[in-house]
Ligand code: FAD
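Only one chain is included here, represented as structure tokens and corresponding to the form predicted alone.
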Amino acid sequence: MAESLLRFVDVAQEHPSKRAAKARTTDFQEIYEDYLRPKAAEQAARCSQCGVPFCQIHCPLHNNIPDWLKMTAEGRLDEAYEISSATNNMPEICGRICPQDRLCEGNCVIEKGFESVTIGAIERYITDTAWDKGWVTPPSPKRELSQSIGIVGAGPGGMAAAEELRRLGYQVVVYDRYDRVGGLLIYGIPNFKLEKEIVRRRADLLRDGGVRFQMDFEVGRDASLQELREKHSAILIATGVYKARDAALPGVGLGNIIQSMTFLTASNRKGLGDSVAQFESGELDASGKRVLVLGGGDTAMDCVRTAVRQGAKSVKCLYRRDRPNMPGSMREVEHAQEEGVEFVWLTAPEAYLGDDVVRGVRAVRIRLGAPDATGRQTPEIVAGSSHEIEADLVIKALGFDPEDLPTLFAEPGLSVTGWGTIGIDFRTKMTNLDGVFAAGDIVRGASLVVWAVRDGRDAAASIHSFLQKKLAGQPNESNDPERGGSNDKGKSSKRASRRRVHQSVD
């Protein structure tokens, strides 16, 4: 039965049921149960249908959130799905892993006093229902085009671009160094946030629609970028960023000090049924260990919560600022605290301690001083505050930087910014190489999945425009540095820094 709207005045905010912490830390299953249909409709009816929807404005994809909330409240779920999927290639994934508390829900106009609409949970419910009902179909072009597009990277940005280009009729081939489609979605995000079957069915949908995947393929090893350019009408680089940042501290070479992606990839591979020698030997297994995670972003939260599920003796998260200044989702911090993670705020590592294997970290207390150029308070060391924190396993979750793609891809002419990201003309998404485009983290720096999807969609539209103009014999826009093109490393670097939205840094 359809719900009336504007129910926020008499219906309280209610998230889907969350499994008790004691039960959920014994496995890697998702922590939230599904909404029942009447409850989803009731919660969707809390939307105020405001004239200026700040939830939509603050969504990177500008999803038509009030519209699909209205359809859900009225029981028109098929229409809700059509509206939701029109702007998002993977709404059921974004509904699970987006930091809604910082994006759509955090900008809901009824948030103060009434609590925001549970947008993410309803988004997930709509698309999960669509999958169950068979409404989600492979991309089906109205006509086939002869031009082929090569996409480097099978993560969320590459997958979104592949779907958009395939719908237009292009022959799409996606190349990726890993053995499974999904990139970060498969190997970087734990199952308790995103079960791998959710990603696999998206990959299968693209395959069913005619997208071809070449896995275990490394550009620069199996083919140079130039060779791919000769093979395809256009290229999109959507590799993401995986080079871990490090802290040059004394003792960094000790055993049992590892990077976050090494730890998470091993855990995810184990969950997928792969044999992981380092995990089997206990090197990457947190079981029975005192675990210390350095960092305050979403990746750090993934690490601490994974360590708990692996049976760690204790888990601490060391962060040099306080909770309000954490870059990660506050909801994830709450989940971690419920699961027994101890947060050590306003503390920074100074050195790793031990002989051959780490036995702890020497740390110092921090106070927050005057704001820096970005507006954030500057961490300052408190004199005489040095102390030791015991640890058998230290996981560094300090963020990610781009790899040296010009060298890796055997294409020294590829332009990069001062940040190491690929330089593009932000109007056309094209690099300084004709017909070579770039999107996602490799352009903006380590960011959110939803931004990768947005960038992939935008790049697909730019590639289509480029090829149609080329087919019609029309000139494409120049990458002239004077017009803001990617050859201007200085300007490009400044633009990149302004667009940067870090997921797991500090």
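A residue's number is simply how far along the shown sequence it sits, counting from 1. Since we're looking at a predicted model, the values are computed, not measured.
Below, we refer to the form predicted together with flavin-adenine dinucleotide (FAD), which is not included among the displayed structures.
Check for me: heavy atom within 4.5 Å of flavin-adenine dinucleotide (FAD) in the predicted complex, for each of 97, 152 and 299, yes or no. Yes, the whole trio is in contact, each within 4.5 Å by some heavy atom.
Given that the partner is absent here, state which listed stretch (339 to 347, 172 to 180, 373 to 381, 279 to 287) has heavy atoms within 4.5 Å of flavin-adenine dinucleotide (FAD) in the predicted complex. Selected stretch: 172 to 180.
Going by heavy atom distances of 4.5 angstroms or less, which of 400, 125, 319, 263 would be at the interface with flavin-adenine dinucleotide (FAD) in the predicted complex? The residue in contact is 400.
The single option of 452, 463, 438, 40 touching flavin-adenine dinucleotide (FAD) in the predicted complex, heavy atom within 4.5 Å: In short, 452.
Contact label in the predicted complex: residue 167 to flavin-adenine dinucleotide (FAD), heavy atom within 4.5 Å: Output for residue 167 is no: heavy atoms all beyond 4.5 Å of flavin-adenine dinucleotide (FAD).
Does flavin-adenine dinucleotide (FAD) get within 4.5 angstroms of any non-hydrogen atom of residue 467 in the predicted complex? Judged by the heavy-atom cut-off of 4.5 Å, residue 467 is well away from flavin-adenine dinucleotide (FAD) in the predicted complex.
Should residue 448 be counted as a contact of flavin-adenine dinucleotide (FAD) in the predicted complex, where contact means heavy atoms within 4.5 Å? It does: once flavin-adenine dinucleotide (FAD) is placed as it appears in the predicted complex, residue 448 has a heavy atom within 4.5 Å of it.
I'd like to check something about residue 389: if you look in the predicted complex, is any of its heavy atoms closer than or equal to 4.5 Å to a heavy atom of flavin-adenine dinucleotide (FAD)? Answer no; every heavy atom of residue 389 is more than 4.5 Å from flavin-adenine dinucleotide (FAD) in the predicted complex.
Residue by residue through 400 to 414, tell me which have a non-hydrogen atom within 4.5 angstroms of flavin-adenine dinucleotide (FAD) in the predicted complex. Contacts from 400 to 414: 400, 408, 409.
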